[in-house]
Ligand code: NIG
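A single chain comes next, written as structure tokens; it is the form predicted on its own.
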């Protein structure tokens, strides 16, 4: 496999063994698979794709990347992460192995509260240094776009600090594209334990306007569940966010259904995430709606829950699905989005094609990015190349470092055989 020199957003990827594209069809529609194919990228956008025999003559002169018979997909989209944090929480993992639940750990001062106390002690520069390699590792799995939430600050300056870290890292060309989300309503901070209404007012009256003034986030998210925020509190925050121009997201129905899913659909949210405990009313609301159901099977797995989101029923009812890592230090410590493809098949009942669509087109829809997650002409020039004989191996041969190269807007941001590049332990 040969690499072109710096291409300036122009790249011709040749000798692709299988070109796999979800296109813009229905969630359960078959993937489009073309053998012996090319992808031609001009000025960071897909100019043309197809079999090598149909390669346009005017592609001559474009820097060439020989895929060597590998499988190509659109760059993967991880549409739900908490990738900016300080300390890790392996001690909580050990507590769960001993039988402690998520709620019990939180009641003892762990969980989100632990990460909040830790993050408040760290500088912006330190968080940049800690977060850079974590985000770079996502590209090792073919990920070209990562949504990153705040929510470990839970105070105005601390939340702004987190989002400024995301903005600084978003400007680094060798990292995946970053999509920032404000999650000030992640949990109730200790200093507001006895005055929930005051914290909601702080978010509405101070945090949201401050984030909007600095243009630090594209979305506003709220955790609407037991132990977090009520449906009414979530609605108050999200309606104000919508007035300020934010797109909307909701963490909902992870532990108990509080109506967050229905609220997401009612408000036209881009996505509603988790849904392990979604009820029939929530499924009814999602069926055929434009709100994407973002499912996080790695979190259910890592929390050792005895159930998973009802993906099969959601898909059968016409919902659009995304799969994401929920990468965070407590409940899903992984950047391996391909592992979520396998989990989506084995735990959630999805087909390989559906699971791959959920980490490409589905993830892009959850971020309202119609130019991502597909390789149709005009789409963003994001491509992930995998050293497998058939695209189904991406789910079948699980947990492996199959990605050979990750290309964002026509530029190679990572390749496995690059000097000094190593698959992350």
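Residue numbers count along the first chain shown, from 1. This is a predicted model, so every value here is computed, not measured.
Although it is not shown, the form predicted together with this ligand is what the next lines describe.
The closest heavy atom approach of residue 249 to this ligand in the predicted bound form falls outside 4.5 Å.
Under a 4.5 angstroms non-hydrogen atom cutoff, this ligand in the predicted bound form lacks residue 144 among its neighbouring residues. This ligand is not shown here, but in the predicted bound form it comes within 4.5 Å of a heavy atom of residue 330. The closest heavy atom approach of residue 299 to this ligand in the predicted bound form falls within 4.5 Å. Out of the listed residues 229, 199, 102, 343, 102 is the one that sits within 4.5 Å of this ligand in the predicted bound form by at least one heavy atom. With the partner omitted from this view, the residue of 117, 308, 89, 134 that lies near this ligand in the predicted bound form is 89 [heavy atom within 4.5 Å].
The stretch that touches this ligand in the predicted bound form, counting heavy atoms within 4.5 Å, is 74-82, out of 74-82, 282-290, 188-196, 260-268. Three-residue candidate spot 182, 219 and 366; no residue lies within 4.5 angstroms of this ligand in the predicted bound form by any non-hydrogen atom. Scanning 252-268 for heavy atoms within 4.5 Å of this ligand in the predicted bound form gives just one residue, 254.
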